[in-house]
Structures are given as C-alpha cells and as structure tokens.
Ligand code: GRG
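Let's start with one chain on its own, the form predicted alone, as structure tokens.
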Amino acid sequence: MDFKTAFEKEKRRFEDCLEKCFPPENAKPEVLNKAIRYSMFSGGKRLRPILAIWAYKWAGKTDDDIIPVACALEMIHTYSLIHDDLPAMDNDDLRRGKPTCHKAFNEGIAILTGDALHALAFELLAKTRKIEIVDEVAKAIGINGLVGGQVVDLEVEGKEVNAEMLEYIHRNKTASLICVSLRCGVILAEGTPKELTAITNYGNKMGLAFQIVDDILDIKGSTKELGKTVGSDLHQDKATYPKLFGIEKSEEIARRLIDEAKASLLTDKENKLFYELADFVINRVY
C-alpha cells in the first residue's frame, strides 16, 4: 500500500471514531455544538492524530487504545487554530477553505468553542488513566510549548528577530504538538527509552520543517491549495524563515531537517511510513 492510500485509509478510520466524540448539533447548547462540529469537520489533514496512531503501531501495539488520545490531540489542534484565527491574534477570515469560526459564528462563540474542545480533550486524556500522557500533552501546549510560542510570535510582530528566537517560536508554536503526538503513541504502547528518544528526535526535526514549509507556502502557495489566506504572514510582518533567510535558504534548512528526521529513526524498525511522511512535508513546496 502506498503512502497516500495508507494515510487516507487511516484518516477515514480516525474520523469515524472522532465523530462519535461529540453531541449532535441539536443538543443544548445548540450554537456551541454546531460551532464544534463546524470547526472539527471542515477539513484538515489529521496529521497529529495519525502520527500518534502510527507511533503506537511502530512501538508494537495494534489495538485501539490510542484512538481517544488521537481524538484529544486533534481537538487541541483545532482549538488552537480557532483561537489563532481570532481578531486579537492573527485575524484570519479563512481556515480550511471556509470562514473561520469567529466569522461563521461570532468571537465569543469562537473563544468558547476553543475552550470546550480544550476541556473535552483533557477529559479524553484523563480516561486513559495514564498520568504521563496527560502530563506530556499539558506541557507541550502550555507555557513552555504551544501557548508560549504563540505569545512570543505575537510579541515580535514587526520586529527583527535572530535565528535562535525564530526557532524558539516555531519549535513551541508548531513542533511541540507534532512531537508530543508521536511521543504519546510510543508512551501508551509502553515503548522502550530508545524508541522514545528516536521518535522524539524525529518529531522535533519534522515538526520544525513542517512550520518552515508553511512559512514558505504563505508566499509561494495559493489560497485554494492552503485553504487559508496567503500572504497573511507578510501582511502582519510575522517572524518567518523566509523573512530572515529568504526562500531558497529556508528550503535548504527544511530539507536538511527532513533528512535529519529520517536519520533519527531506528534502523531495526519498519520506518517506511515515517520516511514517506517526512518526504510529504518537504514536497509540499515543490
């Protein structure tokens, strides 16, 4: 089975499970349930949950115990996008080719939709009875993770940043959730310390490359392809790799990171899907 077929098959299976996590749209409060489903099922690659599922299998387990964790990770990712799109943050009108949550509903409902998804995600994580999983995710999306990265990203808009600060923003804002998705899969599968180290290195490298590619696509891509407004980083004078290094150098950095990510994996494991996933990330700019 080729990579695209394997990914789409996993995605369909995951989305069938994800759909069962939410009340119907007509359940009270109706507007909140509509906004949740609107945001959760308006498209998206489902990269983070699939990473968790594949890492779980990579570490030797084949059951469905990873699915609630995978659903929680996608809820957290979606909540972060809803809040990221708000006028107080990036003020975006489009997400996944549709009006952003605050445009489709209103700002108050968008904030509360994100809050509800965040709470439901941790309800699912808690039900695993694996405190290590809860701890991992909380740290990855908090002060020293996603939220911290987003804060610094906002603080440096319109300012000059160096390479160290730029990497800090991208590693926390984007790579942290990608990396913890992989780590959760291995931890829940009770993988070895060696496996956890390898998948962590892979996730850190691939996650950073993913955001660099997003920076490049904000310049080279199209709104139709990306499902969001192209050029918003430039308009808001965001700290990006193309801004600091130029497009050609940014592509070189992303390619190097992808090569290093692939080299991080254990040679005695079946790595084909992770190799091809890394190639998919870098090939989005070509």
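Note that the structure is predicted; figures quoted are calculated from it, not measured. The first residue of the shown sequence is 1; numbering continues from there.
Here the subject shifts to the form predicted together with geranylgeranyl diphosphate, a form of this protein not shown in this document.
For the marked spot (R183, T200 and K205), a heavy atom within 4.5 Å of geranylgeranyl diphosphate in the predicted bound form is absent from each of the three residues. Residues within 4.5 angstroms of geranylgeranyl diphosphate in the predicted bound form, judged by any non-hydrogen atom, belong to 170-178 and to none of the other stretches in 192-200, 127-135, 170-178, 103-111. Residue contact check for G44: one or more of its heavy atoms lie within 4.5 Å of geranylgeranyl diphosphate in the predicted bound form. Using a 4.5 Å cutoff between non-hydrogen atoms, I141 counts as a contact of geranylgeranyl diphosphate in the predicted bound form. In the predicted bound form, geranylgeranyl diphosphate sits within 4.5 Å of a heavy atom belonging to Q150. For N91, no non-hydrogen atom is located within 4.5 Å of geranylgeranyl diphosphate in the predicted bound form, even though that partner is not displayed.
Interface residues of 75-90, taken as those with a heavy atom within 4.5 Å of geranylgeranyl diphosphate in the predicted bound form (partner not displayed): I76, H77, Y79, S80, L81, H83, D84, M89, in sequence order.
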